[in-house]
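There is one chain below, alone, in structure tokens, taken in the form predicted alone.
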């Protein structure tokens, strides 16, 4: 642990932890593990996220502690797995302006280092890997619960150890977590093999509306589609679109309330799509990135597709 990190964490008594919008297994698992560890160090933790935790992660004990509280008498803010400030969400877009220290813990290569203290390691396969090392530095022994939280983060961010960020080191970490009682089988069963009927209906709508534009495959996820299908999330269909052999990049445009459009992007190995997300104020990894844009679908789609074409052309 760096001295600057120790200087802000040690005196803190009430810690406000923020997971990113549209939460995934890494931000939720890492936040829960960190809160559990901070509790062992005598800290009182508040868990926050602008969006509800998806039902796919309901198997993790403690997810019910997440809500949309406000920062009150807290003396430290920690953001977990946020590639950029836009991932705070509207409920917390103001927190960086508060007169409180902010610890930014993340593994995205595009992270702009927005914290007072930045623990950002792009070599880590998941933020959970960084938390694992942090707990080791603190001398906190892993129990089965903490191991499950961290393994969930690693499994979901590597898509069950199938992505290019799956390193020998993260496999060693995963092995140690399994040795502490975390079950990779149960995590995969709960997260990847347990979809609601509404989600599958939504997938059907999105696949029906997908378009192949040159080397880009894209589709939309509208508010109306989610209401009609009774689905709160598309559960990563962008990964499925990314398997289309004719395309180098996949984009999903997800409509939010308040004229905001979230873009999720995937690309083939060797094609760095992160610069598109950064251009629109977002960030991520070379093959997995995203951003939140103001506007409606008619305004956002042509802008994003145009920029994506430019990036693909320059890669040639």
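Numbering follows the first chain given and starts at 1. For clarity, a rigid core is taken as the largest C-alpha set superposing within 1.5 Å between two forms. These figures come from a predicted structure and were not determined experimentally.
Absent from the display: the form predicted in complex with a further copy of the same chain. The rest refers to it.
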Report whether all of 161, 208 and 243 sit within 4.5 Å of a further copy of the same chain in the model of the complex, measuring from non-hydrogen atoms.
-> yes
Partner-contacting position among 222, 118, 110, 166 - heavy atom within 4.5 Å of a further copy of the same chain in the model of the complex | 166
Of the options 215, 226, 74, 195, which one has a non-hydrogen atom that comes within 4.5 Å of a further copy of the same chain in the model of the complex?
-> 195
Report yes if any heavy atom of residue 41 sits within 4.5 Å of a heavy atom of a further copy of the same chain in the model of the complex; otherwise report no.
-> no
Residue 98: heavy atom within 4.5 Å of a further copy of the same chain in the model of the complex?
-> no
Does the 4.5 Å heavy atom contact test between residue 189 and a further copy of the same chain in the model of the complex come out positive?
-> yes
Check whether residue 175 has any heavy atom within 4.5 Å of a heavy atom of a further copy of the same chain in the model of the complex, and answer yes or no.
-> yes
Which of 43-51, 57-65, 24-32, 244-252 sits within 4.5 Å of a further copy of the same chain in the model of the complex, heavy atom basis = 244-252
Contacts from 263-282 to a further copy of the same chain in the model of the complex (any heavy atom within 4.5 Å), listed N to C, are 268, 269
Cα of residue 208 displaced 2 Å or more between the shown form and the other one, core superposed?
-> yes
On a core-based superposition, does residue 244 travel 2 Å or more at its Cα between the shown form and the other one?
-> yes
Superpose the two forms on their rigid core, then report whether the C-alpha of residue 234 is displaced by 2 angstroms or more between the shown form and the other one.
-> yes
